[in-house]
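Shown here is one chain on its own, the form predicted on its own, set out as structure tokens.
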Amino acid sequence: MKVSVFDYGAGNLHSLIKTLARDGARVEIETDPSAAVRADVLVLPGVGAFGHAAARLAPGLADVRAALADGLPCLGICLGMQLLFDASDEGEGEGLGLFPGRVKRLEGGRVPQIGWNTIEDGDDPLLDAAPVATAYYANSYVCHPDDASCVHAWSAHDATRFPALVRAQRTVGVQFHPEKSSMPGVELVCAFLREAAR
């Protein structure tokens, strides 16, 4: 299985690559969004800021949208999940719009949220295969979908409840970092790749 990680040029992807390659997947880093979709799985990593990442995605936005619409499995992590939405208050640029809605600044308590948080009301095949009760977060922004039916798990920061996992067919977004969430998080990534291979 070829897994393509789209690199926005914003940070270290080592732990994510190691997690993706755990069960033998061939992981390639790709800086061209149109080339990134020529794979069995696309991963949008969780490092960087929305405006910069959207600018890097823009030249291939139509190609990525078409690939996801055609059923290319995609895992969006943290910022990668946010790029699956229309737009963000964090910066200019257009997201993929797979999930109608906007990304907004996290309210309440200390921001950014950095550390472990609880996953609540999980109802997704990935969470059945790899039960993640707590996960590692590092975020200042969260997704606000127009239709909450896409949300398959939640977390809360003080009084603010926000989507922890969203899904649209073969595309899954997680606000947390599974690659940094100990063995349950690693198992969730492996479960996603097994699902993608079917």
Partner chain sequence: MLSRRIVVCLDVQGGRVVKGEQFIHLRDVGDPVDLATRYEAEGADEIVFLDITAAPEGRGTMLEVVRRTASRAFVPLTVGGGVRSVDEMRDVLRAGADKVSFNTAAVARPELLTACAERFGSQAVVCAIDARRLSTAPDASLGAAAGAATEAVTQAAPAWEVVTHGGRRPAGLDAVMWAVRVVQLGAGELLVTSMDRDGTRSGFDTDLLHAISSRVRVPVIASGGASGPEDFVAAVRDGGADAVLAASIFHRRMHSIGSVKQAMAAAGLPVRPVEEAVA
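Residue numbers count along the first chain shown, from 1. Everything numeric in this text was worked out from a predicted model, so none of it was measured.
Form predicted in complex with its partner chain: not shown, discussed below.
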query: If you check in the model of the complex, do S4, R26 and A168 all have a non-hydrogen atom within 4.5 Å of its partner chain?
result: no
- line: Students should find that, of C150, L57, A138, A39, the residue having a non-hydrogen atom no more than 4.5 angstroms from its partner chain in the model of the complex is A138
field: R110 within 4.5 Å of its partner chain in the model of the complex, heavy atoms
entry: yes
message: Is A129 part of the interface with its partner chain in the model of the complex - any heavy atom within 4.5 Å?
response: no
message: Given that its partner chain is not shown alongside this chain, does A69 nevertheless sit within 4.5 Å of it in the model of the complex, heavy atom to heavy atom?
response: no
task: Consider G115 of the chain shown here, and say whether it contacts its partner chain in the model of the complex, taking contact as heavy atoms within 4.5 Å.
output: yes
task: Scan 19 to 51 and note down the residues that get a heavy atom within 4.5 Å of its partner chain in the model of the complex; none is a fine answer too.
output: T19, R22, G48
